[in-house]
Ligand SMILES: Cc1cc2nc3c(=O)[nH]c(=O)nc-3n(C[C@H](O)[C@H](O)[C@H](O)COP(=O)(O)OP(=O)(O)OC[C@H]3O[C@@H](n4cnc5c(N)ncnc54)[C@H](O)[C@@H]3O)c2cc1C
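Okay, so here's just one chain, in structure tokens, the form predicted on its own.
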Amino acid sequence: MKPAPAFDFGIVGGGLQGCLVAHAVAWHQPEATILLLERTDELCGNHTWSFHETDLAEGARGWFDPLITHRWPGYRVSFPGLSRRVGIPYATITADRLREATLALVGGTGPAARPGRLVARTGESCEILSPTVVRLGGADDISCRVVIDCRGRAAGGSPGGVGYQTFIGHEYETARRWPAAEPTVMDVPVDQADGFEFLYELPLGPDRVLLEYTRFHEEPACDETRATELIATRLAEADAASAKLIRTERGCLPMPYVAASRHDGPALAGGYAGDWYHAATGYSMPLAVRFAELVARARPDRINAEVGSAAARDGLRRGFARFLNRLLFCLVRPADRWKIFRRFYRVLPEPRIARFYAHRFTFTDAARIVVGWPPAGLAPIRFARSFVSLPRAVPT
């Protein structure tokens, strides 16, 4: 007689996607047993995840809302020739809060916790052997009703079919009150010589702020010198040049413009490995929460079918997001890319912006985004060649 599985769910990868799945399952299936595995010594890494409140389905609010650390009623964008406040509520989850909440599930202290129902193991290698078996440390095989691969491998197709969104963020403690009460999602400098770049400003308290330099580029490396320059300029403008650096985070997000390569692992994949992220924005929260809800609400024998069906229904949106990336990286010169984003915020009303970021945009929304495209600096021949895998770099 075959022994019963040791766990109902085996989640491989203790980052954003893996922890969200654990929370969703604990909420919707309080009697389910969960094994959460992370190869590094700590869950969640060192990140800040921001999102529009409209990204989230109401059904996820019960388990998701306690994870939120900061909320704002809106945010600003600033471009040469355009400054706009967007009145879509904005929010953030920090790695510290997500880790604390996940460990509370392990300890049985959270609102959805059941002592002993969640086991988290960190600092061990893990191999997925099948859709129902994981191997720890190269020796111990553990059976589960379903294994979910939430490791953060970069997705996005073959070499030459992807651009990158790289960022460097510094969190500061300031001696005086930070002058801005709401985030600035894009503060775009006039000199845009090497790909679209901007400063992201997240006020985390009256005397704490995250300043993050972001660049959209063909290469996955970030420009440390440029990041230091723009961040120092903003600190000086805020009369906070003596601010104390608390922590630093770095990242590189894929922005693919070819069809996603099929995940060839033995288990169902979420997050970047499973193409559950917004390819055109790099925002992972909307689709990561959606994936977690799908997994948590389905019967174990129906999870693959439910997730596959949802991905198929979303296929046109995923394809359009990649098409936008192709326009960005293959049609427009790096120095002119910022004009695409300025036009996005200039012509779209807030409901369309909200649907786009939530990955729920309609055909009409998509048409409105590209009507009038592209701005000056286009390279249509190079764009056409990109469809047949010829060199993608646009001459400057």
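All figures in this text were calculated on a predicted structure; none of them were measured in a lab. All residue numbers refer to positions in the sequence shown, first residue = 1.
The same protein also has a form predicted together with the named molecule, omitted here; what follows describes it.
With the partner omitted here, the stretch from 76 to 84, 283 to 291, 316 to 324, 298 to 306 that lies within 4.5 Å of the named molecule by heavy atoms in the predicted complex is 283 to 291.
Using a 4.5 Å heavy atom cutoff, Gly13, Cys150 and Tyr272 all lie near the named molecule in the predicted complex. Taking Cys252, Ala180, Val119, Ile88 one by one, only a single residue has any non-hydrogen atom within 4.5 Å of the named molecule in the predicted complex, and it is Cys252.
Here is the short version: of Thr33, Thr54, Ser50, Thr69, the single residue with a heavy atom within 4.5 Å of the named molecule in the predicted complex is Ser50. Ala238 falls outside the set of residues with a heavy atom inside 4.5 Å of the named molecule in the predicted complex. In the predicted complex, the named molecule lies farther than 4.5 Å from every heavy atom of Val133. Among residues of the shown chain, Thr40 is one whose heavy atoms approach the named molecule to within 4.5 Å in the predicted complex. In the predicted complex, at least one heavy atom of Ser125 sits within 4.5 Å of a heavy atom of the named molecule.
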